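Only one chain comes next, encoded as structure tokens, the form predicted alone.
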Amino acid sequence: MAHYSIAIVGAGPAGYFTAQALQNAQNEDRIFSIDLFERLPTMWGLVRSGVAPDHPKIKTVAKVFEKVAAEPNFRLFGNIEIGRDIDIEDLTSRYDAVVMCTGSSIGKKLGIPGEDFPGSISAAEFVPWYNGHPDYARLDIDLSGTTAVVIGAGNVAMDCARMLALNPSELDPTDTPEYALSKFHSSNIRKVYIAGRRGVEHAAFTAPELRDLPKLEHTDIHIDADQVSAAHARVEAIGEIEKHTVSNLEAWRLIAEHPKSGHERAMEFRFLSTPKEIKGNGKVEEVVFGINKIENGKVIDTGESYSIPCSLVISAIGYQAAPINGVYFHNGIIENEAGRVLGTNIYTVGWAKRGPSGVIGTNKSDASDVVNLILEDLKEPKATMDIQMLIPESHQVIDQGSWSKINAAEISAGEPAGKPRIKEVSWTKLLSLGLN
């Protein structure tokens, strides 16, 4: 029987689904020892630090991750950064395959004047801030103004806008960290705009996200019914409409027709709007948008513009991967061919491979496809020393037992408050919890 050693870098959905696919691929001819490395002392990636707190059902996928971690021949190495604590060459020389599942954590820039004003931030900062990511807990997010603009037309933009527009009481029973919850309760923001460059039919929101919007109890949702009708006419003119587009347009119609209750909190969608400039006297005060139209399926600038006075701008136009020493990146992703990093025993799964697209479940099929490539490529197993020999004894590793202690402590802290957990956001305290 062949016994292979596989290193996975990144303990998010892509990492755990890759481990699961490897475990499922074991048979009487081959078994896998899997070492999962994570830079943070906390696990689960975007399930913990990306999924909005008011969507707890999505987070239940963590139960699958814990089952994967409980299998034999699985080891967790948290608080280990590849490229700093351990070199990528240390992995490629000691493991039969190395799978990079490091995601995409850097927000793409708008590339417009005024983008660097105070009050202009990226969703790549705002989302981990309201989710208690230890690297972002100290950010000073200014919610003192009355109006915010979110630029982008995907689920991340939707999450940002919804978190700003809903009544903070709806977050009280969630795992929103205390510092963010306090900030939301004192927020003066009452109107949130979501602006997309293309038409309604092109928006990347998923239908379930759209259908949930009218269910917000304290927030009115606005979209111009004429924009929805025009989008419908455009796609009908093309001919056969994709199923998800039909579903989305129906959800948009229901939003447009949903009665407005006169709430002081409101979210409004603006399409065919390209951000041109952020104006202000040393801080965000206004966003100027160019007005677009669609001709023959193409987005065209009409030369006209409008502006929205606001104090906060959040750009949610995509992500790119953070660099890692020893790994080549191109256009914000790891250079790869269908998941293979050619000429090496490195592979990649998830956003680091394909960019920020798909939902959490997309990573499961992605992982399965890449594991099939690994199985095709495997040769004789390597016989090398354990990676633990390279980690100084003074360096605290968060293994599965340590992570279980952190997880249990957070859940225990949340129980008296009726919350699923109270997140610890201090790196030092997280490490301390892992020792107890």
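In this text, residue numbers run from 1 along the sequence as written. Nothing here was measured: the structure is a model prediction, and the numbers come from that model.
The protein also exists as the form predicted together with a small molecule; that form is not presented, and the subsequent description refers to it.
Colleague: Please pick out the stretch from 156-164, 95-103, 226-234, 141-149 that is in contact with the small molecule in the predicted bound form, where contact means heavy atoms within 4.5 Å.
Modeller: Selected stretch: 156-164.
Colleague: Might residue 83 be said to contact the small molecule in the predicted bound form, defining contact as any heavy atom within 4.5 Å?
Modeller: No, no contact at 4.5 Å.
Colleague: Answer for residue 283 alone: is it within 4.5 Å of the small molecule in the predicted bound form, judged on heavy atom distances?
Modeller: Outside the cut-off, so no.
Colleague: Considering only heavy atoms, tell me if residue 253 and the small molecule come within 4.5 Å of each other in the predicted bound form.
Modeller: Result no; residue 253 lies far from the small molecule in the predicted bound form.
Colleague: How about residue 135 - does it come within 4.5 Å of the small molecule in the predicted bound form, if we only consider non-hydrogen atoms?
Modeller: Residue 135: no contact with the small molecule in the predicted bound form.
Colleague: Which of 291, 246, 238, 359 has a heavy atom within 4.5 Å of the small molecule in the predicted bound form?
Modeller: Contact with the small molecule in the predicted bound form is made by 359 alone.
Colleague: Only one of 119, 275, 78, 339 has a non-hydrogen atom within 4.5 angstroms of the small molecule in the predicted bound form; which is it?
Modeller: Selected residue: 275.
Colleague: May I ask whether 58, 198 and 351 all come within 4.5 angstroms of the small molecule in the predicted bound form, judged by heavy atoms?
Modeller: Yes, the whole trio is in contact, each within 4.5 Å by some heavy atom.
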